[in-house]
Ligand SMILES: Cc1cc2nc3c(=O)[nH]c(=O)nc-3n(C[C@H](O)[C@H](O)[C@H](O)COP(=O)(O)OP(=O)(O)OC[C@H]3O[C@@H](n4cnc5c(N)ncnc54)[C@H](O)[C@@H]3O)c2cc1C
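Taking the form predicted on its own, here's one chain by itself in structure tokens.
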Amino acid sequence: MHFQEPSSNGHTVTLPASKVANLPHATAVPVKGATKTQSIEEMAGKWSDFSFAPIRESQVSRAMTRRYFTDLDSYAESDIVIVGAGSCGLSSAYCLAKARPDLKIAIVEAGVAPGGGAWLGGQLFSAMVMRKPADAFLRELGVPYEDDGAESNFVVVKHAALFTSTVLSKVLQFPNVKLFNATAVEDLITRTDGNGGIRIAGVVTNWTLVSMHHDDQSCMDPNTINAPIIISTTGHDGPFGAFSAKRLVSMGGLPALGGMRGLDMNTAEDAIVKGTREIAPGLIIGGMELSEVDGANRMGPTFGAMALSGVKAAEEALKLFETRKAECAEGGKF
């Protein structure tokens, strides 16, 4: 897709969609011809004569549905699906999209608001603590933080929402990423390998409100996304937590859940980053969901392991991608 923008000499120039995604806010993106740009400063003090451009309600409906169903069609075959848009999932999406702009990355998030538990630092307190060396990821994103110097083993972001909104905005600006929020993963698509084992080949999805009402409604079948690599970061056990790990146990891909242990920050954060890996062919698990697999300790209100587990999950995915893609394509089974 390309867009036309008027240039300084009066002619129009063609902009690819990837460039449009990174345009500054002061630049208007015209549709079907040139349009006059207007700044907020030019609007100031002129509110008595203000009016929005005229529109018909059906135009709004069509614009939303057309874009959404185009995305559903495009991402039905994805390269990587990330389940869960918390701090680990978003960090993984950022690293993947930056490293491989050629890959199609779908993020499926059950909540309306992405970010998981990373909008607050802990117990409704706003500050976010990240232990070193996870401050490297803050610098990568350009998130400012407070550091007491060499004697301090952690840094503090003044509000967790600053980290979460920054990584979310950067992820969504990548043209090869699509976030499907308010959408739940209800099951995993599986294939049987030559040895009778399970290989994951995608996810089964439904709108979250539909998933929550299967017990009192009938015949609400799901949708699907095929992909050779799934990264699951759904958090510890809960209504939608540890989903992939629990589903893997129920289908015999894991003997049992290890169960999350008590809080020990020093043990927990190291274990989650080091343990982030492919749990079953095609399925990488990271973040607090991994604590349910390995029986790792919980870490509480410190977020360095979440960010770096996402970084490692992306690294693992890129190492495995070509192998899993070839396996999925073998025999036309993908």
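Note that this is a predicted model, so its numbers are computed, not measured. Position 1 is the first residue in the sequence shown; the rest follow in order.
Another form, the form predicted together with this ligand, is not on view; read the next lines as being about it.
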{"item": "Proximity to this ligand in the model of the complex, single hit among Met130, Leu96, Ile200, Ala184 (heavy atom within 4.5 Å)", "value": "Ala184"}
{"item": "Contact residue in the model of the complex, chosen from Val81, Ala245, Val171, Ala110 - any heavy atom within 4.5 Å of this ligand", "value": "Ala110"}
{"item": "Met299: touches this ligand in the model of the complex, heavy atom cutoff 4.5 angstroms", "value": "yes"}
{"item": "Non-hydrogen atom contact Ile284 with this ligand in the model of the complex at 4.5 angstroms", "value": "no"}
{"item": "His236, heavy atom within 4.5 angstroms of this ligand in the model of the complex", "value": "yes"}
{"item": "Contact test in the model of the complex: Pro228 vs this ligand, heavy atoms, 4.5 Å", "value": "no"}
{"item": "Stretch from 219 to 227, 86 to 94, 249 to 257, 147 to 155 whose residues place a heavy atom within 4.5 Å of this ligand in the model of the complex", "value": "86 to 94"}
{"item": "Triple contact flag Ala134, Phe137 and Val143 to this ligand in the model of the complex, non-hydrogen atom at 4.5 angstroms", "value": "no"}
